[in-house]
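Have a look below at one chain only, the form predicted alone, in structure tokens format.
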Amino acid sequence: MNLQAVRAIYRFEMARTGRTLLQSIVSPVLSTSLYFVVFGAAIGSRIAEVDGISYGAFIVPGLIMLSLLTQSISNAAFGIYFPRFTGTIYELLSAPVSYIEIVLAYVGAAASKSIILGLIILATAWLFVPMRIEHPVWMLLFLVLTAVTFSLFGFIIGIWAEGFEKLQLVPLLIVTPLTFLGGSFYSIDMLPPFWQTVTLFNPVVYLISGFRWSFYGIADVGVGVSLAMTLVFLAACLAVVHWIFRTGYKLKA
């Protein structure tokens, strides 16, 4: 494996975060802080506890996941789309760098940014609500797996997109609504039986449920099921990326 190439691409992508610090880190943290203030004050005054957890603390895992999913997709999609837009992708494809090394560098950088952002939001949350992490190892595992999986998903979107507007199409119209409807701000046990069944078809439910379990030991679905669904989505994204490089989809045109 050409580690020097991987390191070069990775460092370039991470350096871009430093140049856009306000947009990449500060803006998501401020947006999430507003969620704590608005939802914690408005809804928290009406819902004292959920499953024995204060409402403000209950929504922390969901808010972290909301930022993690959107930023993972955005970082990876823009990272691979920009070389396509400028035409430098062909220099990369003609270089002695395998597609595994390209994916490892771009997805690794996007996932690293998202994990750093998630940890910053977690630290910020402690300023607003008292909370605990019962299973820190599992928390980090879900954090890393989710960041890598959705960075791969964003990488796929970045190759599929034909313009900058399409880069935001999937995150805004699909991922964000699924996250809001995936138990970020409520337990699905609070829903009527019919809607509980419908909600289980939302894949984001399993991510948020497993992540919340690592904090408080409570979950809407079994932690094993949450982990399995995350790994299934990861495998599906890897399969699509393999197909893209094997066929040259939108890369060799």
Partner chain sequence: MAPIIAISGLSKTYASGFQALKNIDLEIRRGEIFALLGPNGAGKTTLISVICGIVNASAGTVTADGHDIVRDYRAARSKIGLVPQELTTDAFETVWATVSFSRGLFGKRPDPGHIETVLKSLSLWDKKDSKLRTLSGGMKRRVLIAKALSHEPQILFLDEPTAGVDVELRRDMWQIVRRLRDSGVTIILTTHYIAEAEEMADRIGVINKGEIVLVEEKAVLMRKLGKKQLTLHLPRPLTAIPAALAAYRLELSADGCKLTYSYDTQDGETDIAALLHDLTASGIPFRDLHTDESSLEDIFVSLVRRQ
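Nothing here was measured: the structure is a model prediction, and the numbers come from that model. Positions refer to the first chain, counted from 1.
Separately, the form predicted in complex with the partner chain exists; it is not shown, and the next lines address it.
- Proximity to the partner chain in the predicted bound form, taken as a non-hydrogen atom within 4.5 angstroms, holds for one residue of 95, 172, 127, 119, which is 95.
- Site residues 8, 90 and 101 are all in contact with the partner chain in the predicted bound form, judged by any heavy atom within 4.5 Å.
- In the predicted bound form, the partner chain sits within 4.5 Å of a heavy atom belonging to residue 12.
- Among residues of the shown chain, residue 19 is one whose heavy atoms approach the partner chain to within 4.5 Å in the predicted bound form.
- Stretch 81 to 89 is the contacting one of 81 to 89, 137 to 145, 110 to 118, 157 to 165, since its residues have non-hydrogen atoms within 4.5 Å of the partner chain in the predicted bound form.
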